[in-house]
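Next comes just one chain, in structure tokens: the form predicted alone.
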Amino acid sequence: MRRIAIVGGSLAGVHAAEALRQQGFEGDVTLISAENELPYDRPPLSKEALLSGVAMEKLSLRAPEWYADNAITTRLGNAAVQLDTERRTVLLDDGTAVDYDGLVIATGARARRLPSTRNAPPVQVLRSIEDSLRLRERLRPGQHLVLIGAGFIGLEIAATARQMDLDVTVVEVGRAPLSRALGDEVGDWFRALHARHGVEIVCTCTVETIERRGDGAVLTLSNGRVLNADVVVAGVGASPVTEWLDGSGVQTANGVVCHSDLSTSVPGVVAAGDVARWYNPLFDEEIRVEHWTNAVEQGRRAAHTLLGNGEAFGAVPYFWTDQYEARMRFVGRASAATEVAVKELNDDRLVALYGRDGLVRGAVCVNVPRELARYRTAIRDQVLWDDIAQAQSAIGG
């Protein structure tokens, strides 16, 4: 193996490149990115960067000289449009091709957009630096911001917008914010948190129509309510970037389908990060995780697999979100949980556990960092649900 191509200037892509060099790979490494900027960190885009402006030197994952020092060739502003696994080439949108012996797919995901209709006002999304800059230019104190979707990105934007003195309304189809990810009880806690900061969250409701009115928009909701908005943002999830793989032989289904070691259906091709849907032996299921820590760990593990040092990736997923004074940390899996135990619930702190098949599968902790490590260990060690969920919380005494 003399040439490795990494498609995706993402967190996973950078860590794959770094791991290749650390593992002693001395061949050519080419990092291909559809964006014009060097790879950057995305979590600040809905928080610090939106509030204070984009500082590229703070967002960049690695300094420009790091790529030269590690002999990593970058192809910026070039999207991959086709993969030929027989010839082992990646075709780019400028008509050129990059040859490879080994390939890392790290193209991540893109924000879903609402269907556009004629004369409809612009509905913003937030996924890239350009999105953050564009949205920040639109937000002004005293304006009314309407967010469609009360997931993590929507709630983070809502919290930032309140710091910028905007009026904020969030429209959510579920019973509570984050309820599809973390359940109704945790969702109700976040709804109350935002209410205390002046955000109205309208639940069990959809947007029926969006019409342009001047520089703003008028939204009609399924409950008959009409909202006048200066700015509209959709936070309705993200879709893995896999269309360029059509016809390549690389199996896709809500992401790139991977074995437990992140190898794909095609020899010499691995995947990592938001785009990878892999079999996690710890949870005995195929999952796709769109979170920072997972991208870092998978990028490194995919590089090891490509070099012949692969092993099953059975990590406990971890993610976080900071909203106002609330610092939420989550470990494990909450989806398909059959048991939920709330260990602590007040205005300042929250601890909830999730169980399935008699085991502890997930835990959410808000402003209780010391508890998180204990529950992460319990998930990793597959502790029985009854042994920990029924025990008195260490916080409670």
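Numbers follow the displayed sequence, beginning with 1. Remember, predicted model here, so these are calculated numbers, not experimental data.
Note that the form predicted in complex with a small molecule isn't included here; everything after this is about it.
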Within a 4.5 Å heavy atom cut-off, is Ile153 in contact with the small molecule in the predicted complex? yes
Taking heavy atoms only, is Ala295 within 4.5 angstroms of the small molecule in the predicted complex? yes
Glu35: touches the small molecule in the predicted complex, heavy atom cutoff 4.5 angstroms: yes
Distance check, Asp274 to the small molecule in the predicted complex, heavy atom within 4.5 Å: yes
Contact with the small molecule in the predicted complex, heavy atom within 4.5 Å, among Ala234, Leu83, Val241, Leu219 goes to Val241
Contact assignment for the small molecule in the predicted complex, among His291, Arg327, Arg136, His197, heavy atom within 4.5 Å: His291
Within 4.5 Å of the small molecule in the predicted complex, do Gly332, Val360 and Val364 each have at least one heavy atom? no
Could you tell me which of 220-228, 141-149, 181-189, 125-133 sits within 4.5 Å of the small molecule in the predicted complex, going by non-hydrogen atoms? 125-133
